[in-house]
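One chain follows as structure tokens, the form predicted alone.
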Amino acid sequence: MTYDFLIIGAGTAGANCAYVLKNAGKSVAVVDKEGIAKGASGAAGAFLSPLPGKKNLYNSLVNNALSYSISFYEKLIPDGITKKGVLRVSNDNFDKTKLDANALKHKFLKFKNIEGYYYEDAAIVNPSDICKYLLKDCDFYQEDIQELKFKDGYYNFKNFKAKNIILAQGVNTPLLNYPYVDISPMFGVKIDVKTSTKVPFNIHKSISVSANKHDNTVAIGATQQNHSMTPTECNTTCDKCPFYVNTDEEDIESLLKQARELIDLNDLEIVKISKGARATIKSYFPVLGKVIDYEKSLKKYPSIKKGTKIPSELLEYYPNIYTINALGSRGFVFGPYLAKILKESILEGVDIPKEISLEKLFYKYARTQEV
């Protein structure tokens, strides 16, 4: 079987890329060694929330992606999204000044024993349902691909071949050497609970508590910490990792304690706990684009290490390989929006914004290697 695109990774990044390319008339296959949404995406809280604060490149990206993605999900699978807004409770990260400094439409709101700022344009989605729906018309293979072999214009595998590759692997060990993208795993945990309490909207402080979803469950989620283990590359899901320590009881206790500071959850029953390592880089920006061959580009243009900028079309690239990564804790906010941008870049030649381009990271990293 021959495909126009093979996407490696079946989380929100890979699933959204597959969907837009399939809708553009391309033949698409998706591969994941664990299954669809079995990694960080399946463990995501999948809260779709605005980012207040003084306007800058990052919160502008988040809020533009949010507007696009909420509309996308509402059209794609109406029963898969619960849009009831979010109450952001002031804390050290989002005090009154920061919350009030952005032009995002909001209002001050008191709710029970808390108060904060309510934003209407916020929602939550079911991550597994979304990823499975996005991939329903694409061929899916559960395989662990270890290397990429390119010959006569195709990447060849055991059961198929593809003209183009999109790497959407998250924190998993990359199949190519592109050291300028330094992915760090950031640990996230979510519990789904049943409760007789009616939660009217999402509530966010140091953790997030969702409104009652369509199945009447409530999600409680948090980005807990960076991994502190010596190996920084992830090769599997958290529960299968040799460095994984089962802290379910402590995590549940911590989440429930923080949730109860926001709202009383009566007749509580824990349905599910999910964990995953989310991919981030230091700047928190996601990254995407055609993958630059670092070694070949530096060999061809050694002055890059001294700060010389070369026109992008003259750099050396891995043939027909693209990546979308570092979506962090906002994977379901960024997923549809970034997939659209990457599709337009590949198929229509539209430039990727510099703040999320691989080129920016490539030049920054190269300069740091000058001795």
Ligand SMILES: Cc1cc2nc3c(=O)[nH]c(=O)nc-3n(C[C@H](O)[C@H](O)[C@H](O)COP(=O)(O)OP(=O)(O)OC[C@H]3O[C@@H](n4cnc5c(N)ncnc54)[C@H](O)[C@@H]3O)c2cc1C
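Just count from 1 along the sequence shown to find any residue number. Computed from a predicted structure; not experimentally measured.
Not pictured, yet referred to below: the form predicted together with the ligand.
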- request: Spot the stretch among 338 to 346, 313 to 321, 30 to 38, 54 to 62 with residues whose non-hydrogen atoms come within 4.5 Å of the ligand in the predicted bound form.
  value: 30 to 38
task: With the ligand left out of view, choose which of 281, 76, 175, 298 has a non-hydrogen atom within 4.5 angstroms of it in the predicted bound form.
output: 175
message: If we define contact as a non-hydrogen atom of the residue within 4.5 angstroms of the partner, is residue 288 a contact of the ligand in the predicted bound form?
response: no
- request: Tell me, yes or no, whether residue 129 is in contact with the ligand in the predicted bound form, where a contact means a heavy atom of each within 4.5 Å.
  value: no
In the predicted bound form, residue 188 touching the ligand (heavy atom, 4.5 Å): yes
query: So, in the predicted bound form, is residue 168 in contact with the ligand at a 4.5 angstroms heavy atom limit?
result: yes
task: At a 4.5 angstroms cut-off on non-hydrogen atoms, which residues of 43 to 68 are near the ligand in the predicted bound form? List them in order.
output: 43, 44, 45, 46, 47
